[in-house]
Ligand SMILES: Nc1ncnc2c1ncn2[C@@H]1O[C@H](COP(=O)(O)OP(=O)(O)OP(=O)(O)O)[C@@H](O)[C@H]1O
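This document opens with one chain alone, in structure tokens, the form predicted on its own.
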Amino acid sequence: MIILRGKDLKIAYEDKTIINKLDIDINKGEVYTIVGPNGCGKSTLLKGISRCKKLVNGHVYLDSKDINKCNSKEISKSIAILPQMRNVPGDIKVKTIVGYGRYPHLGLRNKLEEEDHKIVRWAMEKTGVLDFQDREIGTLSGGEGQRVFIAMALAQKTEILILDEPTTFLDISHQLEVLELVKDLNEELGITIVMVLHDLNLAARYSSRIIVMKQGEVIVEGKPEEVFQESILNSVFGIHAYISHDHIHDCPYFIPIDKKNHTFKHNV
């Protein structure tokens, strides 16, 4: 079942067109990762399908409703987006930040009610940040801080969670921590995930579908094993690769091969 659809999308910054005549379908309950070279339009696409960036042309449909005909509060009850850059003062407490996720649901008093506080606590428990709810965000590690912002998005109680490079600037341990959390949110709560990642092997491991972009276009979309083809990696990223199968996580993985030496030597 398609929960989010983009048709004939055109997105530009001033006179520069980034995306043109692009179609995209997101199925309910799946994890989609968008990959592609720097500057190919990945983040721009996320902004377009979440109405954070105005479309020059085309339509985005949320459960068959044109999001341009929905008010912002209605959209925020269905789509939560975690952007790359977040300007939050370092002295704000964790539980306050997570509470921001409830704003689309607040009534005329614009105050958190008992039910809102319960949901905030639930979101902190789910993301493992409850133990430092009274700490200031500036005192946390990168991985802890990222989990706090995911908790804020989770507190919105949406069907769709959009994450723009959620592992940027994190070491491998914290990258895995964040992606395991994303996986749990999808499997336990059925939340549809759309995210951008740069690490292709992590994308293959944590995604049910991968969307490959190049120069503002979708080159291919499919399951990781369908997308991880040497010809695709070569045409999109300009690399040669040795592709194998990760039997532990049941997904493909690749090892880049030196462009000057297209052979891969390994011990059997």
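Note that the coordinates shown come from a computational prediction; the quantities given were computed from them, not determined experimentally. Numbers for residues come from their place in the sequence shown, where the first is 1.
A second form of this protein, the form predicted together with the ligand, is not displayed here; the remarks below concern that form.
- When you look in the model of the complex, the only residue of H198, R86, K73, K118 with a non-hydrogen atom within 4.5 Å of the ligand is H198.
- Partner contact region in the model of the complex: 33 to 41, out of 63 to 71, 235 to 243, 33 to 41, 220 to 228, criterion any non-hydrogen atom within 4.5 Å of the ligand.
- In the model of the complex, no heavy atom of E177 sits within 4.5 Å of the ligand.
- Interface residue remark: L9 is not counted as part of the site for the ligand in the model of the complex, having no heavy atom within 4.5 Å.
- In the model of the complex, the ligand lies farther than 4.5 Å from every heavy atom of E144.
- Using a 4.5 angstroms limit between non-hydrogen atoms, H247 is distant from the ligand in the model of the complex.
- Contact annotation for 1 to 33: residues with any non-hydrogen atom within 4.5 angstroms of the ligand in the model of the complex are Y13, K16, I18, listed in sequence order.
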